[in-house]
Each structure stands twice: as C-alpha cells, then as structure tokens.
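Only one chain is shown below, in structure tokens, and it's the form predicted on its own.
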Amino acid sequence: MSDYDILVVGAGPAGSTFARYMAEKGYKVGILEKKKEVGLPLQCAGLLGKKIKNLNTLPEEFILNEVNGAYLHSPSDHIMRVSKKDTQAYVLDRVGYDKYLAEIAAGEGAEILLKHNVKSVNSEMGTVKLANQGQKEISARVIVGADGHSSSISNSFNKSSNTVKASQYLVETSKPLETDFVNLHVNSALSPGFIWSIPLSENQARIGLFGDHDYLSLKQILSKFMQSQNYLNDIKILKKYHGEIPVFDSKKALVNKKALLLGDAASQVKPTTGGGLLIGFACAKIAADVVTKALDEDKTSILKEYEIQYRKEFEKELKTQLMVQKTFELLSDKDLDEMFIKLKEKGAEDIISTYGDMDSQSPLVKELLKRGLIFSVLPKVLYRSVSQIWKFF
C-alpha cells in the first residue's frame, strides 16, 4: 500500500494549488519541500496578469499595486506608451502569496514536509528516495514534479532543462514613481530578455532583468542601467535577489508512468517574458482533473491525457511567443531603435493597447501580421530570416 495517493514534489504556487485541489477531493496528499520555509527566497518579479483571479484565489492583502499600462523603451530610449483604462496586472507579495497557497492546501488536508530533498524517483514503481531524512523512501500512486527548473522528477525522464539567469533589486527612490505603469527596456545585449521596473508604491520598485548571461554580467548591466535612468534618481537598494528561469521546451515529456510534471519543472513558461505562474495554475486544474480520473479508474495510462490537454490549450500560444523571441534575437540595438520609431509612426501604440495581453500575445501578433506591420518595420536584410521563422504561422 502506498504512503500517499498523490505525492507533490515542490511547495511552490503551482504544486500547492494542485495539492489543494486533490486534498479537497479527499485524497491523501503529501508535499515534499526541500526548503525550510515556503516562498523564500523571492525568485519572481511578481507581476501577474489580471486573469489570475479567474484561475486561482487571490486575497487583496497580497496585492501591493495595480497597473494598467507600460512604457516600452528602445535601446536609445524611444518610448511607446501602451495602456488600457482598467487594471491589466497585479504586483504581488509573492512570498506571502506562496505561503498562503501552501497553507490553504494544508488546511484542506495536504501534509507539507519541509526540508525533504528528493534525490531520485522511480516513476514506474511510484517511489521517491530522499537525499536527507535518512535516505527515506516514500511511495505514492501518482507523483507530481512541481520542483522548479532543476526538477529531479523531470531529470529522471528528460534531459536537464536549459535556463537563463535573472537578477532583481528591491529599491527605494526619493523621486515619486508613476505607480500605474511598468517600464520595460529592450536591448540586443539581453534580447530576447529585457530590463523591468515594476512599481510597488510611489517610492519602491522591483528593478530586474533576465538574459543569457552569468550573474556578474547581469549585475553589471543592471548597475549601468540604474545609473542612466532619470526616473530612478537617488536609488537605495534594499534587497537583492537572483534565480533561474527554464527555457520553454516544446519537446519535453510531461508524463512518464506514474509521474507527471507541472509548472517550471514542465518548462511551462512564456518564451517572451519567462513568466509561467498563470499557465501553472491552469495546468494544476487540468492535472487535477486527469489525476482524479486516473486514480478513480486505477489506470496510470490515463495520465497521458494531461499532456494532450496541455498542448491543446497552450502549444499554439507558446509557439507563437517562441517565434517572437527568435525574431528579437536577430535585431541589433540600431534595428530595435528603428523598429520603435516606425511602430510609433504607424500607430502601433493604439494597436498594442487594443489587442495586447501580457498572457495571450498571439491575438496581437495576428493583428500586426494582418496589417503588414511586422515585416514593414524590420530591416530588409532580415526579411529572409524572419520569413523562415513565421512561414507556418
């Protein structure tokens, strides 16, 4: 007899949400978390689209700020302003929110075991062996790997995930910030990564970046950026954070025997921004429905339906974002500057404001292609390369 019906490895937001769904249904659920405290250290910019309220519970106490637009900056600081009248995203207290999601899972009956680090998994037998706790072995009818980019569950049946690094500062400014707009800065050194400034209040912000560089290089780029920005005068750095973001991998297997992957462990991240929390929440619900069916019918083969449903729901959107990412990788700083100028001249600010969505970007891309804007703002020398990227869209 198994120790648990479901064993979730990782008490992050996606894993805790899935665990809550299953515990609510009366299954015996265990959550293994290698950290001594859920949510720490912070490893997220904490900016989530408004759709979060359709996908998960979000108490007001964890919302630090609401934003309805963004200033998009080219390398030479040509700026596009895009916005909508209502709130488009929430800036969250991610540490508090992560703890909350774990607590409500526990409140429904899930057992959270902190400082339990998984060493290996046998997805055919449904067992995990711990790296600590006396090399203890724990069994379950289904094992869910929600253990992040370096997932031991994923590594048991996939090659190791590629990642990019990210760094972020919590800063305090003496100059008041515009609280309802985020600032996003692109340049070829980071592309397709970028720099962000996300206001928490009138005098606090999260400033960060991600890109295919080591942490020292990211720190140098970020320091240079902060020194150059007039809207961030007199900055005091309060805290520093860093982490890694998995690279979206459309070929990654998400199910193997009695194991399935969720969230960052499944590379369920947006190629353009590296964000994945809303996808993770949606996939937690898909996984919960499929796992329930598999357990009720006592057929682990049913778990394959999770991967099928995930791809049906998200693959087209994520592949579209991947094409956007590959296009940006071709552009120099000069190309980016010229693209911004041409986009502004062609009214792209209004188009982006109307069709833009930080989580579903394919409607905007479709509109830009329909109007012929994407190719009209790119250097002619890149036409052939870009055409190859978009030929199947």
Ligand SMILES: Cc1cc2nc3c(=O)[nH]c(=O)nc-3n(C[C@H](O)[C@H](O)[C@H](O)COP(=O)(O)OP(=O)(O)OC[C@H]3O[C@@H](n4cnc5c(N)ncnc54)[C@H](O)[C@@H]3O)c2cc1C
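Everything numeric here is computed off the predicted structure, so don't read it as measured data. Heads up: residue numbers just count along the shown sequence, starting at 1.
Beyond the structure shown, there is the form predicted together with the named molecule, which is absent from this document and is the topic of what follows.
Asker: According to a 4.5 angstroms non-hydrogen atom cut-off, is residue 19 in contact with the named molecule in the predicted bound form?
Answerer: No - in the predicted bound form, heavy atoms of residue 19 and the named molecule never come within 4.5 Å of each other.
Asker: My question is simply whether residue 182 lines the interface with the named molecule in the predicted bound form - judged by any non-hydrogen atom within 4.5 Å.
Answerer: No, residue 182 stays farther than 4.5 Å from the named molecule in the predicted bound form.
Asker: Quick check on residue 71: any heavy atom within 4.5 Å of the named molecule in the predicted bound form?
Answerer: No.
Asker: Consider residue 126 of the chain shown here, and say whether it contacts the named molecule in the predicted bound form, taking contact as heavy atoms within 4.5 Å.
Answerer: No.
Asker: Among 199, 243, 271, 75, which has any heavy atom within 4.5 Å of the named molecule in the predicted bound form?
Answerer: In short, 243.
Asker: Answer with one of 283, 277, 259, 218: the residue that has a non-hydrogen atom within 4.5 Å of the named molecule in the predicted bound form.
Answerer: Answer to the contact question: 277.
Asker: Do all of 163, 254 and 288 end up near the named molecule in the predicted bound form, with near meaning a heavy atom within 4.5 Å?
Answerer: The answer is no: none of the three residues contacts the partner (heavy atom, 4.5 Å cut-off).
Asker: What stretch, of 346-354, 27-35, 323-331, 59-67, brings heavy atoms to within 4.5 Å of the named molecule in the predicted bound form?
Answerer: So the stretch in question is 27-35.
Asker: Where, within 87-122, is there a heavy atom within 4.5 Å of the named molecule in the predicted bound form? Residue list please.
Answerer: In sequence order, 94, 116, 117, 118 come within 4.5 Å of the partner.
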